[in-house]
Structure formats: structure tokens, C-alpha cells
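Okay, so here's just one chain, in C-alpha cells, the form predicted on its own.
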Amino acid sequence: MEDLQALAKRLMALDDKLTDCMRCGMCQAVCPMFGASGMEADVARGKLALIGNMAHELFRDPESLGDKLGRCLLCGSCQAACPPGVKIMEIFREAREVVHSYLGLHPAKKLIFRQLLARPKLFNAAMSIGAPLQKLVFRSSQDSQGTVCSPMLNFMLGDRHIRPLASQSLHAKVGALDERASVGQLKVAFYPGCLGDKMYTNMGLACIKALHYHKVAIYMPSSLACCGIPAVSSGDGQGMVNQLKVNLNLLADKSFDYLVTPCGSCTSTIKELWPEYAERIDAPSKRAAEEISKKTMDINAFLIDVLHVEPKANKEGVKVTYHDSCHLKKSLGVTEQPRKLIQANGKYTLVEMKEADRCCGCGGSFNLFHYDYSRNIGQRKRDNVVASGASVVSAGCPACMMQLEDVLSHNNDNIQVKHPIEIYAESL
């Protein structure tokens, strides 16, 4: 009875959030999923209508409901374009959690989100074992991206070309950092994110190099957990809470001026979602999460807005174009800072691509369960990158970097993918 009452309350709360939708269709023009499928059910307007009838759908066919809600990248394009400002992403996250709490989370997801990603030492150990063993199942894609593929695993992974695990993780290379700040010196908590620690280690090293160059002290424990966005996107609020507890334990009582990350998804999750989910733990955790949220910045914004790194004019350098990651631009409003950071390296010339802020098609777990649509959306991004004439494409989120590497590799494009911080660090 208590479970039914809790479900009823959550459904009523969702109904209250739906009332502002005018069914105007502005979301249709910007939705990457609709652009790929052409189906009204894939537009935010269609999903909101589905959620409006959620109680009936939940009891009639919950599996189908979950599948329909999963056909969304959670890129936030619809919310950014919504005239009445409906909190569409909040509604979608809550709806997914309702469905999966009713159905029960898949055992594999429960193991990953509530155990593996919430136990950093176990996760680190698993990845360190997996790094040398990956050569047994993956082979080089023979491209300029340095990606690998695995035909024998296509039934599970699709025909993906992906960045291999780093032979040595970032935390293994540099160890745990807790540097002492001199008088007048800033100290930051550096949150590299899972991909920054275990795959894009050059990006993480570039961040550390840039911070040290500007005499910023760093606090980076070796046992940070995942930020929680994969669990949230999959409708697992408890998995998010488990991971959040680990991170708050490492960050809550530490003294630092800012928390900086090179991942747009991590940054938006820490700023916007940690306080919300910390409320499920207890009042002290919520206060701690709110304090951390106030201090959290994207690494590009930190270098430009706080450290005042200046761009340089150069019309004859290596051409680089920039992709606006969805969470970075649409959630955080960070758009000019990465461009200025790229321009701070006088050896590069920034050229704009068409539809720079259109989703690349990754969408985290969306890429795993709807790879055909992900590739379709990514191809449009690839075409815009190539049309720009750039030999380098930059993005402020490693998940977007993975997607760009995949689509560029499949098209045999000789275009490098770099984070803005990597480009900037080259000049130091």
C-alpha cells in the first residue's frame, strides 16, 4: 500500500509539471531524435503527452513505456527552445525513475550503478585489469583517431570505433593530490570524471599542466566515484545516491575555492543534480552538495573567467572547429569560454562549423541502446565538421569526443579530436 501511495504521489507531481506545455511544437525543430526518426512520439511534445497518460500506460505496458521514454538523448535542446520554460529534462528524468522503480532495474544496471561505480577502488581495479586484456578482443580501427573496434562483439556493442582504455589511468600516473596553497593562491578540487581518468588521460594531464602553470594548487583524491549522470539517465536514483555519498565524503569537509572539471556532463550534474539528490540522503548532505555546487565550474570557464586567460589573433594557424556540447551550452551557458581558450594558443585558428550547438548523438546510454540512431545523428555532425575545412575538431565533453571519434573514424576522415584544454596546454 505504501509503495502504491508513493507511486501515486510521484505521478501527481509529474502531472503538475506538465500543465505549462502549450503543444506549440518548438521542440520539434531542434530535437535530434526527431530529425533522425521523423516520429512525433520522439519529440518532447509527444513524450509529455505520453507522460500525461502515464498511470494508464504504466499498468498497460510498462516495458513499452520505458522504451519510448528511453528514445531521448536528454540533450536539453527542447527545454532550451521551450517558450513557457517547461522543465522538460526534470520531467523526463523523473518519469524514467518512476518506470524503472515500477519494473525493477535490470540486474546488470543495478550491479554497475549501485556497486561498481559506487565503489571506486573496485572500479579502478576492474579497469586496470581490463586495460591489458582489451587487446584480446579489440583491434586497431586503422584510423587517425587511434580508435579500436571488435567485430566479435558487434552483437553487443554495434560496429563502434572507440577510444581504448588508457594503459595507465590518470590517478595511477599522478597519484592522489592534496597540494598546499600559498598565500593568495587559489586551490581547486579537480574532478576528472570517469572518462578523463580512464580513457582521456591526456585531457586530464593537460588540465593539471594548465592549473600548475597558473600556480593553482590541486586537490584530487584517487577514489572519486562517478558523478552519477549515467545512473540518473537510466532512471536509477538510488545508484546516483550511492555514488554521491562517496563523493561527498571526499569533498564535503575539504577546503578549496573551486571544483573544476573538463567534462560538461559532470559539471552540470554536480551543479544542478547533486543538491537535488543529496536531499534524499539527509540535511547535512544537501547543505554540503549546495556548497560544492556553488563552487563548481567548467575548466574552460575557470581559465577564462577566473584566471583571465586571453585569446590571441591568428589567421594562419591550424584550423580547428568547435562543437558545443549540450550540457555545457544548454545547461551551463558556457559557449564563448572554450572558443577563447582555443584561441589562446596562437598556433590555431578557430573556424565555426554549421549547427555547432546541435547534439552530436552520443547521449550516454542512448548510444548503447540506440546506436543506429546515434550514428545517424552523429553523421550530420560529422558532415558539418568536414564542411568547416578544419583539421581538428574540439569539444568540451569527453562523451562528445568519443562520438566524434566514432563517426570520423567510420568515414576515414583525417581530423583530430581534442579538448580545448589540450589545445591550450600545448602552448604552455
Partner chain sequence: MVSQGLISDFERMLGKENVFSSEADLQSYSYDSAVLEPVIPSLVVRPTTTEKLGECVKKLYDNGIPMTVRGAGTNLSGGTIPDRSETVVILTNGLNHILEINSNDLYAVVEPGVITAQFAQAVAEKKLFYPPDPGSQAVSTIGGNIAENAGGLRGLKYGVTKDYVMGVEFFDATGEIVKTGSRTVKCVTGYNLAGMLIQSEGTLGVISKAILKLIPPPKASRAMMAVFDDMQNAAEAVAGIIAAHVLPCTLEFLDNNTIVRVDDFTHSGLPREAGAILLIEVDGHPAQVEDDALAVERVLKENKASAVHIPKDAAEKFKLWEARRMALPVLARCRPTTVLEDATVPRSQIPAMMKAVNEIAAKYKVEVGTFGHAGDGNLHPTFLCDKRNKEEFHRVEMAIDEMFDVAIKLQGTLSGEHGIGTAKSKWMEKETSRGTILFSQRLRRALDPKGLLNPTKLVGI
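This structure is a prediction, so every number in the text was calculated from the model and none was measured. Residue numbers count along the first chain shown, from 1.
Although not depicted, the form predicted together with the partner chain is the subject of the following passage.
Asker: Since the partner isn't included here, can you check whether the partner chain sits close to all of T19, M22 and K354 in the predicted complex (heavy atom within 4.5 Å for each)?
Answerer: Yes: each residue has a heavy atom within 4.5 Å of the partner.
Asker: Identify which of A387, A55, L368, A49 has a heavy atom within 4.5 Å of the partner chain in the predicted complex; exactly one of them does.
Answerer: None of the other options qualify; the answer is A49.
Asker: Can you pick out, from P132, G175, G85, G184, the residue that has a heavy atom within 4.5 Å of the partner chain in the predicted complex?
Answerer: None of the others qualify; the residue that does is G85.
Asker: I'd like to know whether N376 contacts the partner chain in the predicted complex, with contact meaning heavy atoms within 4.5 angstroms.
Answerer: Contact with the partner chain, no.
Asker: In the predicted complex, does D383 have a heavy atom within 4.5 Å of the partner chain?
Answerer: Contact check for D383: no, nothing within 4.5 Å of the partner chain in the predicted complex.
Asker: Would you please decide whether M26 lies within 4.5 angstroms of the partner chain in the predicted complex, comparing each non-hydrogen atom pair?
Answerer: Yes, M26 lies within 4.5 Å of the partner chain in the predicted complex.
Asker: Contact between S64 and the partner chain in the predicted complex at 4.5 Å, heavy atoms?
Answerer: Yes, contact at 4.5 Å.
Asker: Choose from 175-183, 76-84, 221-229, 234-242 the stretch whose residues reach within 4.5 Å of the partner chain in the predicted complex, heavy atoms counted.
Answerer: Residues of 76-84 come within 4.5 Å of the partner.
Asker: Can you tell me which residues in 35-55 come within 4.5 angstroms of the partner chain in the predicted complex, by heavy atoms?
Answerer: Those in contact are S37, G38, M39, E40, A41, R45, G46, A49, L50, N53.
Asker: Relative to the form shown here, do the C-alpha atoms of L74 and L58 sit closer together or farther apart in the predicted complex, given a change of 3 Å or more?
Answerer: Farther apart in the predicted complex, by 3 Å or more.
Asker: Closer or farther: how do the Cα atoms of E57 and H100 compare in the predicted complex relative to this form, given a change of at least 3 Å?
Answerer: Compared with this form, E57 and H100 lie farther apart in the predicted complex.
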